[in-house]
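Quick heads-up: it's one chain on its own, the form predicted on its own, in structure tokens.
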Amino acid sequence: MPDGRNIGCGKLICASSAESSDILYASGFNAADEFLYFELNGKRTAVVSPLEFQRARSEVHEDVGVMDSTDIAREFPREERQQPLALLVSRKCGVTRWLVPGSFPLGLAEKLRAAGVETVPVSDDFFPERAVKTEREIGFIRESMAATEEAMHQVESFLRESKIRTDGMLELNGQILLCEWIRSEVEAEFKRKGFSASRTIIACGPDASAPHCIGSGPVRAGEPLVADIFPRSDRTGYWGDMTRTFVKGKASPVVLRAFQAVKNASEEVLKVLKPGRPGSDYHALAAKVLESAGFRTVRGADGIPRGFFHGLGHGVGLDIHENPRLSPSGSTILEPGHVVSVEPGLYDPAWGGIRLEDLVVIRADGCENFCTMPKELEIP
């Protein structure tokens, strides 16, 4: 039985890899079931069930040890083995205080507290080093972005192959082209390639004026269709993220003007994006370009915002939204290895929305764009 010595404070996570990108990042183990990960005295350990023990030993990072939860329980008297595994680990290691992520289960924290083990939530990033990607991680993101761009070409081909009906709706292979159908085809193809995607944004017309509306109903000629595609690799856990806006046929003058303004904002930022400046500087640059083109950010009489009312971009990695931020509050100074989206947009319920998103990695002398697909609006 453990001797109960208090040897200090460590880091503790209790979650599944699906729930916590931190536990996936730290351990390297991708598990659907909850397990424990802790850091103590310079050592990193994953504690898993017998069901996962063999797989965990072959998949964790080289410097992460693996322990069988039942082996830990056997070190305690039979009447104590039903206590939470996190408490048994705490007693085994002699720890009375853990640093935990903000998402740590409240019920478990209360049980630990009642047993004399304090949990201290970390309000900022639990692993701040996650923001700077290694070349290995950049390679994983590159794989996800290649699949993302293939899917974007798939959306474009659906529009290119469709016909405009007399009522303005699009028809493909004898059927009205629906946003839901495009989304299902894109997401099914991702699954065949080893990626998962859900709530893919395929939003046409007024739906496109709400940036996170996934879209529904027929695709109509002359109206902007925003395609925002963000799959996650089932193998590595890393995301891709890309947005393009298309119009089948001819766009209205205001949509053409908005598209050109958003494209100009994107190009101006990508030309100067580099390390050494905070993300807020680049958001301000994009906002200035859009306002100079005559698109002010305002809230209408109906209370709905119009213009450019979201951040320019965000970090992408094991989470689809992570640090650093390219936004008015983005104070993090960009560094080589940061992977960020650049996605200026303009929105108005009167005509829809325009968003163009590239994903880039910050390099020593600028940025490298993962996206190669041109930004073209009209599709004949």
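Throughout, we count residues from 1 along the sequence that is shown. Keep in mind it's a predicted model, so treat the numbers as computed, not measured.
Beyond the structure shown, there is the form predicted in complex with another copy of the chain, which is absent from this document and is the topic of what follows.
Comparing 115-123, 89-97, 243-251, 263-271 against another copy of the chain in the model of the complex, the single stretch with non-hydrogen atoms within 4.5 angstroms of it is 115-123. Proximity of I164 to another copy of the chain in the model of the complex: non-hydrogen atoms within 4.5 Å are absent; the residue sits far from the partner. Heavy atoms of P105 reach within 4.5 Å of another copy of the chain in the model of the complex, making it an interface residue. At the 4.5 Å threshold, heavy atoms of H310 reach another copy of the chain in the model of the complex. In the model of the complex, none of the heavy atoms of E335 sits within 4.5 Å of a heavy atom of another copy of the chain.
For the candidate spot formed by D68, S184 and P305, every residue has a non-hydrogen atom within 4.5 angstroms of another copy of the chain in the model of the complex. For the residues G237, P211, P218, P278, the 4.5 Å heavy atom test against another copy of the chain in the model of the complex is passed only by P211. Checking E129, E135, E110, E79 against another copy of the chain in the model of the complex, a heavy atom within 4.5 Å turns up for just one residue: E110. Contacts to another copy of the chain in the model of the complex (heavy atom within 4.5 Å) from stretch 191-207: K191, R192, S196, A197, S198, R199.
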